[in-house]
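In structure tokens, the next block holds one chain alone, the form predicted on its own.
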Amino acid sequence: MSLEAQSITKEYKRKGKKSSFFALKNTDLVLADGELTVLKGRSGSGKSTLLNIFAGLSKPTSGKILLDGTDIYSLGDGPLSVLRNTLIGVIPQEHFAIHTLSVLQNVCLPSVLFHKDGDVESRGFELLKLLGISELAGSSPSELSGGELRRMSAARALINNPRVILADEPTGDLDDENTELIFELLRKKACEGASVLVVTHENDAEKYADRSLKIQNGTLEYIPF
């Protein structure tokens, strides 16, 4: 399976002005099976925009996102939602949780909503254990620190064993030990065949990556190791 950006442009109109802002300009990028790609760049350079377009969350102004040859933005809302839930796991930059559900219930939610087979709770608990927060499975998200919420989000993104993992600053609230834990888990998923894209500012991220990219003014550059 391949996920490919072809000539992606994202243009934002400036309110009350004739000029536009281009977050991305004719961007091409293939996320291959079994590869972990690191994407760096300054704030506002287009990193998160590209990740969200890959995730099916933000339609590009022009260009295509091809999943095994099919443009995902040619799909209707229903099929696109099923595709995202089935094949793509997103670790968002912002914390998101339903506070009326427990931590474990939040993690399992993507599987429960689409009636996935298997023991979902056992799978969710195992992910929480891998991420060092299994003791918080029954807690409310409101009781968690920023770093614990970040790890809960990672577990939720992985609950359906996605073929594509898109992580937006997944270690932003974490100490060195847990930063290493997250990157080792993402590296493991890539070695198991997933396509992994990580937007990050971490200096040591390259040691987990197959390739490193930098985005500047909406344009990608390859960074040699």
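Start at 1 and count along the sequence shown; that's the residue number. This is a predicted model, so every value here is computed, not measured.
The following text describes the form predicted in complex with a small molecule, which does not appear among the structures shown.
- Shown alone here, Gly172 lies farther than 4.5 Å from the small molecule in the model of the complex, counting heavy atoms only.
- Put simply, Arg211 is far from the small molecule in the model of the complex: not one heavy atom of it is within 4.5 Å.
- The small molecule is not shown here, and in the model of the complex it never comes within 4.5 Å of any heavy atom of Arg156.
- Although the partner is absent from this view, Gly44 contacts the small molecule in the model of the complex, with a non-hydrogen atom inside 4.5 angstroms.
- In plain terms, the part of the chain that comes close to the small molecule in the model of the complex, with a heavy atom within 4.5 Å, is 48-56 out of 48-56, 27-35, 62-70, 179-187.
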